[in-house]
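A lone chain, given as structure tokens: the form predicted alone.
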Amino acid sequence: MGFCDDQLERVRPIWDRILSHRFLIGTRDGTVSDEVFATWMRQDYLFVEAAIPFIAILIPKAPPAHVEPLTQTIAALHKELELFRERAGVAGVDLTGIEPSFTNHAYIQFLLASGYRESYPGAYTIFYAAEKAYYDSWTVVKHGLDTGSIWYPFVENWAGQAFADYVAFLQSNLDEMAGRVGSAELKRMAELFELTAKYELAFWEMASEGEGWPGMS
């Protein structure tokens, strides 16, 4: 197995909790409340906004062959923001004046700080892990959600063949990089993979609980 498959097996207990989370199961079965889904939409909209400068930070560090795909990723993220705005309009969800939750704020700061501070392979590990988590998560939702649901376009975006191919492309790149780094950097990449998985699990929990900031309620 390559680095990515090794890491998925290593963090399997966390990954299984991500994929069996009540937010995903409720979304798949059509039982998640409108309020809970709106919380996820608002917070994920902020996260996608933050992912754009994260990718921009990576471009100067990237090998030449990665520059064009990363540039295309920025365009794709802008399209995701358009999807959020379009679905929010259909569902009557207000995306203006959103404040990040405690968990989302922490995840965004982790993302951006890692873009600046970590090596390119380390930051790319975070990028891959987050995208892989979304592909696997929305594939869970795909196997059960009514295609007529107003949320189905999110399934089409993150669980379709185009996104599957994209995640496989990221995995190939990361496996190749992992095969060329030293043991210390490989260890750090593994740590970053696990941290990202934990943040992804925390994000679903935040969406389900409508989390605020500690001590502020």
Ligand code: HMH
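Heads up: residue numbers just count along the shown sequence, starting at 1. Bear in mind that the values here come from a model prediction, so they are computed numbers and not experimental data.
The form predicted in complex with the named molecule is left out here; the points below concern that form.
A.B. asks: Choose from 64-72, 182-190, 45-53, 144-152 the stretch whose residues reach within 4.5 Å of the named molecule in the model of the complex, heavy atoms counted.
C.D. replies: Within 4.5 Å of the partner lies stretch 45-53.
A.B. asks: Taking heavy atoms only, is Tyr107 within 4.5 angstroms of the named molecule in the model of the complex?
C.D. replies: Flag for Tyr107 set to yes.
A.B. asks: Is there a non-hydrogen atom of Ala130 within 4.5 angstroms of a non-hydrogen atom of the named molecule in the model of the complex?
C.D. replies: Taking the distances in the model of the complex, the answer for Ala130 is yes, it comes within 4.5 Å of the named molecule.
A.B. asks: How about Glu80: is it within 4.5 Å of the named molecule in the model of the complex, going by heavy atoms?
C.D. replies: Looking in the model of the complex, residue contacts with the named molecule include Glu80, since a heavy atom lies within 4.5 Å.
A.B. asks: Do any residues of 167-200 have a non-hydrogen atom within 4.5 angstroms of the named molecule in the model of the complex? If so, which ones, in sequence order?
C.D. replies: Heavy-atom contacts within 4.5 Å come from Glu200 alone.
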